[in-house]
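One chain comes next, on its own, written as structure tokens: the form predicted on its own.
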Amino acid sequence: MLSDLAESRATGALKAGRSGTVYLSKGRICYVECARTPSVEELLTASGRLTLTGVRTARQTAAATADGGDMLVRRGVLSRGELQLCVLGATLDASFFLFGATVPKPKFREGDRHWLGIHWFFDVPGLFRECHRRRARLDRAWPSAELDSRPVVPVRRIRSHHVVLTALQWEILLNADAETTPAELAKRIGRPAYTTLLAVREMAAAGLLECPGPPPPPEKPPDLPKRVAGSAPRAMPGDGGGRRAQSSYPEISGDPTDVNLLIRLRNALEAFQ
């Protein structure tokens, strides 16, 4: 639907139920909202640039013209660059999660505009390419989506003597309560959901978070026949019992002490990795 709307140079809002909305202007995407990611309003209030009362006042004032962003710039609340950067980040964030989600059939409402107005443009194929690039970056950090919907749980003890954290990772660890998912944490601390999720995967790769258990080990191959001490090798058929069987396998000890020693050595080697 987005491709068709882009080709027809449509202007309006493509609503995907409660999941989110894509705003277009002459076939180009100018803003995207997603229920799972912080909006521009939430990012601005979390950073302290706007209060909730200020957001409501701005929306009501801009209701007739749908140009609330310019109004905020004129009042000195934001610079033009800050507004554009905020719209850019929120749109890329929402697009990644909205385009990858299962949503009801979208409905297009012609002429609808976001109250902030138009401050950035994205062509539809370019936005899709950016979403694929972001997905690949997540997979490079931690190649599993299991952490995306699980609560963030820091480990109680780390193996390294020194740990280096980014400012965002520090915020995540301080706010993690073993019940909140990465997307919920992003809204709580007023950070983009994608960068929060990327930081979570990077911390998991560094061994700083509790992760799902490892996959089950492969099936154990059948044990080789063990030779009992003092017993003679079994005679091969046709040798008349006069020749001993020639085995290509080395002798295998069934002594449990040897097995335990090997297990301890393996654990020690793994601990040094």
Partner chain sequence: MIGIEDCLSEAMAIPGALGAILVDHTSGTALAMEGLPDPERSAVGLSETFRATLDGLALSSPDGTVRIDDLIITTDHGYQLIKPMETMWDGPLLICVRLDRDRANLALARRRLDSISHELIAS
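Because the structure is predicted, anything quoted here is derived from the model rather than measured. Residue numbers count along the first chain shown, from 1.
The following text describes the form predicted together with the partner chain, which does not appear among the structures shown.
Among Leu98, Leu92, Met71, Leu147, which has any heavy atom within 4.5 Å of the partner chain in the predicted bound form? Checking each option against the partner chain in the predicted bound form, the one that comes within 4.5 Å is Leu92.
Quick one: from Val124, Ala176, Ile118, Cys86, grab the residue that has a heavy atom within 4.5 Å of the partner chain in the predicted bound form. In short, Cys86.
Okay, which stretch from 152-160, 106-114, 126-134, 176-184 lines the partner chain in the predicted bound form, with non-hydrogen atoms inside 4.5 Å? So the stretch in question is 126-134.
Is it the case that Leu43, even though its partner is missing from this view, gets within 4.5 Å of the partner chain in the predicted bound form, heavy atoms only? Flag for Leu43 set to yes.
Please run the contact check for Asp139 against the partner chain in the predicted bound form: heavy atoms, 4.5 angstroms, yes or no? No, Asp139 sits far enough from the partner chain in the predicted bound form that none of its heavy atoms falls within 4.5 Å.
Taking any heavy atom pair closer than or equal to 4.5 Å as contact, tell me whether Ser47 reaches the partner chain in the predicted bound form. Yes, Ser47 sits close enough to the partner chain in the predicted bound form that at least one of its heavy atoms falls within 4.5 Å.
Report yes if any heavy atom of Arg188 sits within 4.5 Å of a heavy atom of the partner chain in the predicted bound form; otherwise report no. Outside the cut-off, so no.
Going through 181-211 from first to last, which residues have a non-hydrogen atom within 4.5 Å of the partner chain in the predicted bound form? If the 4.5 Å heavy-atom criterion is applied to the partner chain in the predicted bound form, 181-211 yields Gly190, Arg191, Pro192, Tyr194, Thr195, Leu198, Glu202.
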